[in-house]
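Below you will find one chain, with nothing else, as structure tokens; this is the form predicted on its own, and questions on how it binds or moves follow later.
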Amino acid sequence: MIFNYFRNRKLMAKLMITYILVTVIPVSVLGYIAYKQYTMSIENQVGEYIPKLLEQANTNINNQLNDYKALPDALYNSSQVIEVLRKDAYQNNSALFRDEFLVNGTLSRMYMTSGNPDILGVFILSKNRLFQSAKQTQVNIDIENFPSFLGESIDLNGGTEFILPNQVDLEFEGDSPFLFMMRELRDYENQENLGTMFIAIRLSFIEQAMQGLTRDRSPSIWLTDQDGRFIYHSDPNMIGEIDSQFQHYPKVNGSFRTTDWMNNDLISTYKFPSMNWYSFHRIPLRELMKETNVVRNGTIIAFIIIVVLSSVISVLLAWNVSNPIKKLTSLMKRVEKGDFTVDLPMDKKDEVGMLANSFNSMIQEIEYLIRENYQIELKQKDAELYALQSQINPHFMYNTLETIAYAVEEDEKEEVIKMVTLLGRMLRYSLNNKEKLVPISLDVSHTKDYLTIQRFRFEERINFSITINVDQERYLIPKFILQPVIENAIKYGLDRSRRINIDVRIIKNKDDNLLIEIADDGPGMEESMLKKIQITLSQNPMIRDSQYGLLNVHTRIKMMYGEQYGLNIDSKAGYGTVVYLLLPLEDNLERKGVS
């Protein structure tokens, strides 16, 4: 159905549909596929690249944490501090203040002024004593409430723990986010517990480690523990909160894409090598594809411009081709109605111009052929009319009737009856003009009737014979082609000879053509006369006058069958004349379509 619809469209529509099918749609599809492949390639590259950066950042953070874990070991270098921590009780407050001054000063020198900018404060809780040193003024801290977030007992078994900001009821001036590292202090001499050391570490070291992930774009980066609580977040307000989507994230190293169309993000994750922490990197795809979208939008604009320009060019080209054809179609309709005065002027040399020139030439040729055929038809009608007139020649009629009258006077009843019968049959044959072609037998019969009547007139002066070697009922010949030739032989033969013998022979020659020979032994023709007649016969039948017996027969044959057929004369003075009629074998059965 689609094929038929397309086939019946106009040429202009076909060209435009073809242009859209083979150009616009394929280019659009290819552009869309190329864009999708390009964006997928970028997404895959980023998805593989970011986890590697996360791994490197996690390694740096882990190394930094390991360095922080070693900070309490420096305290063992101060024997005075260790001795203070070993004391269980004080005899007076003066001794207590002196030890606090000693330990706090040592903590300040070791940690606060040692050049590590990330340490916000150091605290030692030992036997109901709190030693501390901080860069900033801490609030909400007192000896009674300080360890409350840890419960009644602190048993780290000599290890190190990290406490998240929300788990510490402790704030520093400026509300800097921090990580609280807790380490049990052991007396290496007696393996007794000396206390617990707390170091508040600013989270800026995590931010520094993550800087490589924020280059060129503004992703969301966060660090969570195994419960999804934010240890670090690029948005400080989120630190300490619970990630509501944490349970939906795959806990494997790599990248995944969210399917929420409102927040279509690319999220990369990587697990810390030594702790149940996870680092995340999230960037909206629209941010990731920002540069790609610029390329996409530029490509779309360029595509639209190209399509518009190419469409305009295609329309012009299609119009340039279809418009002449449309004109040609209109002119063809006028030609169908018989108007051959049309003309399609075209000065182009391309195929359309050649088509227009061919059309003009064809119309001129058709007009010429029609005119020529019309003239041939007129000539043929004239020739047939003359042939018809020759059959009812008044002189022949007069002579025949005069012969009949003599016979009546002589009381030759049988001859009268026979001549009247022959004359009536000849007139009936002449009046039947429906068929231009008749079987050979009919024209031969008519000729015999004519010759018989002539023999009644001239008696023994005329003798004739007719020999037929073809199927005279099967093959056809033009009507009235024998009598004019024989009449011509009788007319000129009897004028100069006492007797004349006429032999008619109808045969099929070696080329399977019909050959009719009409020979007489009359006076013949001088060579000059013969040549003159032959020149006349060789002329174009359209321009010569065929109002003579031989020429009329010759013209009718050529008009009906072509130049290769016709009449020819061979004659010699004193030896008679032979007239040859060459015609094609016109099979009456084949003509009627009978097998």
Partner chain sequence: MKGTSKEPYHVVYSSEIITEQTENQNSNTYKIAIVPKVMNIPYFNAVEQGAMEAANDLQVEVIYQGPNIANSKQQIEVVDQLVRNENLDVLAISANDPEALLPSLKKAEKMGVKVITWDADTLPEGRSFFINMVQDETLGRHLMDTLAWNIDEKGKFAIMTGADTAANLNEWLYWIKQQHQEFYPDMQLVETVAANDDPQQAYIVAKELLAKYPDLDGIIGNSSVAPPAAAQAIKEEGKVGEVAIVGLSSPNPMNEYLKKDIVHVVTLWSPKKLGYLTVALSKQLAEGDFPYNNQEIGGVGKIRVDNDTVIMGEPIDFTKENVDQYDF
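Residue numbers count along the first chain shown, from 1. Remember, it's a predicted structure, so these values are computed and weren't measured experimentally.
In what follows, reference is made to the form predicted in complex with its partner chain, a form of this protein that is not presented.
Stretch-level contact analysis of 350-358, 92-100, 318-326, 187-195 against its partner chain in the predicted complex, using heavy atoms and a 4.5 Å limit, identifies 187-195.
Only one of 251, 508, 499, 286 lies close to its partner chain in the predicted complex, with a heavy atom inside 4.5 Å, and it is 251. Interface residue among 407, 267, 514, 71 relative to its partner chain in the predicted complex, by the heavy atom within 4.5 Å criterion: 267. Within this chain, residue 570 is remote from the site of its partner chain in the predicted complex, having no heavy atom within 4.5 Å. For residue 48, a non-hydrogen atom is located within 4.5 Å of its partner chain in the predicted complex, even though that partner is not displayed. Looking at residue 245, you'd find a heavy atom of it within 4.5 angstroms of its partner chain in the predicted complex. Heavy atoms of residue 396 never reach within 4.5 Å of its partner chain in the predicted complex, leaving it off the interface. Counting a residue when any of its non-hydrogen atoms is within 4.5 Å of its partner chain in the predicted complex, there are no hits in 351-379.
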